[in-house]
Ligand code: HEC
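The chain below stands alone and is given in structure tokens; this is the form predicted on its own.
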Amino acid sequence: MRKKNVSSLKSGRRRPAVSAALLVLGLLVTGGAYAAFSASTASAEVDLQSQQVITEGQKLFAANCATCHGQQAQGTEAGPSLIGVGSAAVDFQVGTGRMPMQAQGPQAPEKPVQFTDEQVKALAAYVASLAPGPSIPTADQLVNGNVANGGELFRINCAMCHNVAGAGGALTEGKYAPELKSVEAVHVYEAMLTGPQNMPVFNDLNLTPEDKKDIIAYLEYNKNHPSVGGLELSSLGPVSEGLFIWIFGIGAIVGLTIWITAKSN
């Protein structure tokens, strides 16, 4: 009789643990399903020619962009005209969080994106409907490039500002070329098309679509392959290397000299 009571008590103790485990499992399954649904929704294709999407973009533009760029995107003293910049410029500026700007400055810094992917595409669709301009590149334009040719093109056209490894660099008057290691391929392509901030425009006469694809392949290769030379010091080149030698190299020599002198005395 006693054994039966003990076993029933043990089984009763297990029940709350089982219930808790089932609850956690249910939450994990629900959360995973929601995350998958959100990811699929975020990556869904948006028809930039749809009048419904364009109308939605116009509403978003009036509420968030018209103060600086004008109700018809004609530009004001606070912001340039967007007529003719195309969907690529909007997708880059808004899709990287540079727009809307929080405050006037030497250039618009990258920050957390303020809109969903669908809203970004709607804004791009509205601006693209005002006049022809560079369009958002397709997936086929971003893959299967030639890494070797891309590296050569990058060193010729981009490395003087962005650093040979894409680590970024300082420019004049508080401006800077951003690092490229965390930039999505589509935004790199759009930047070459539209020339944001201090960057020149690389149209198809300067760099063909194949050239742009090759540059993206080189940047993606750098992201996925660490430096074979060891400690890369953020890939900032002679500045970081010189500082490292000055602090640690010369510091070690001075320390060793003092130690030898103290030992001899």
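So that there is no doubt, residue numbering starts at 1 and follows the sequence shown. Only a predicted model underlies this, so the values are computations on that prediction, with no experimental measurement involved.
What comes next is about the form predicted in complex with the named molecule, which does not appear here.
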Checklist entry - the named molecule isn't shown here, but in the model of the complex which of Ala167, Val183, Val147, Leu130 has a heavy atom within 4.5 Å of it? => result Val183
Item to check | All of Cys68, Glu110 and His187 within 4.5 Å of the named molecule in the model of the complex, heavy atom check | outcome: yes
Item to check | Pro80: touches the named molecule in the model of the complex, heavy atom cutoff 4.5 angstroms | outcome: yes
Next on the checklist: Although the partner isn't part of this model, could you tell me whether Pro137 comes within 4.5 Å of the named molecule in the model of the complex, counting any heavy atom of the residue?
Outcome noted: no
Next on the checklist: Please determine whether Val143 contacts the named molecule in the model of the complex, using a 4.5 Å cut-off between heavy atoms.
Outcome noted: no
Next on the checklist: Within 4.5 Å, heavy atoms only: does Ala122 come near the named molecule in the model of the complex?
Outcome noted: no
Checklist outcome for this item: When the named molecule is considered in the model of the complex, the residues of 65 to 100 having a heavy atom within 4.5 Å of it are Cys65, Thr67, Cys68, His69, Ala78, Gly79, Pro80, Leu82, Val85, Ala89, Val90, Phe92, Gln93, Val94, Thr96, Arg98, Met99, Pro100
